[in-house]
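This document opens with one chain alone, in structure tokens, the form predicted on its own.
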């Protein structure tokens, strides 16, 4: 039993408090810079800092956001007035989280497949992040669907890394978010996505048990069961909600306190509508709290409007708050498209 047992359990519950979700602002420098480049925003540390400050100082954001996942650069930064971002979050009632994986690399011997790196030295990094005020972490495993993949090799390699990471987090006082993302890219049907998601979850929980991860002190961050983005037949919102819930109910132990979906390339509206229907139609069938851990599906309108011009910050913050509010409503089944 971890020395942090009570704290871990309390943090996991707070992360999935009713009507709230988790904001993912943990894009690496490279990913953030690519988004800036598309809009002609200078790709400097100062512009990234300003953008993260815009997000974290949005008035009343904590009404719908329980916590935010930060990137290593961001957790070390402060507002223009010199207040550390971690302190800003704590004072506004949001839990600081941190991305601890070091990104994906090609998986040797498995063409077209990736494995996530970052286990070396992770225990020490967790200790430092805990001392800085982080209380949960995130590690992302990536599963690609194509004709003859994912291979069992890839599924086991990624699940094993997720489980090792989760065990280290719990030993060091951080609640692990276990993110097993089945990518939306491809021409696969929703049925094929179901099959891959089911196998992914089975292997992930097998590895979590082998590595003695305490399931009541973690959060699962899965992708929804959805048609490939290039599939000629796109499943309806009802079908996505139904098949996602079926897959989770068959494969996720009741002990897990919460499931926070990633948006994974869905449009803003679809990510919100799918989450809402999962609640409105199937919420009573689910033993865990279900919410969101979205990045682009909450931030994109604010980023587009801000466009690197600080005169636009107040309205950009209103747009961010609005999307957070819509997803907060969806996370209890109270969203309707009229609210858009």
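Residue numbers count along the first chain shown, from 1. All values derive from a computational prediction rather than experimental measurement.
Below: the form predicted together with a small molecule, not depicted.
Student: How about residue 24 - does it come within 4.5 Å of the small molecule in the model of the complex, if we only consider non-hydrogen atoms?
Tutor: Yes, contact at 4.5 Å.
Student: Would residue 48 sit within 4.5 Å of the small molecule in the model of the complex, counting heavy atoms only?
Tutor: No, residue 48 stays farther than 4.5 Å from the small molecule in the model of the complex.
Student: Just checking whether residue 306 would be counted as a contact of the small molecule in the model of the complex - the rule being heavy atoms within 4.5 angstroms.
Tutor: Close contact is absent here: in the model of the complex, residue 306 is far from the small molecule, nothing within 4.5 Å, heavy atoms only.
Student: Taking heavy atoms and a 4.5 Å cut-off, does residue 296 contact the small molecule in the model of the complex?
Tutor: Within the cut-off, so yes.
Student: Between 200, 263, 74, 158, only one gets a heavy atom within 4.5 angstroms of the small molecule in the model of the complex; which residue is that?
Tutor: Looking at 200, 263, 74, 158 one by one, just 263 meets the 4.5 Å heavy-atom criterion.
Student: With the small molecule left out of view, which of 140, 164, 114, 125 would have a heavy atom within 4.5 Å of it in the model of the complex?
Tutor: The residue in contact is 140.
Student: Given that the partner is absent here, state which listed stretch (82-90, 255-263, 115-123, 128-136) has heavy atoms within 4.5 Å of the small molecule in the model of the complex.
Tutor: Correct option: 255-263.
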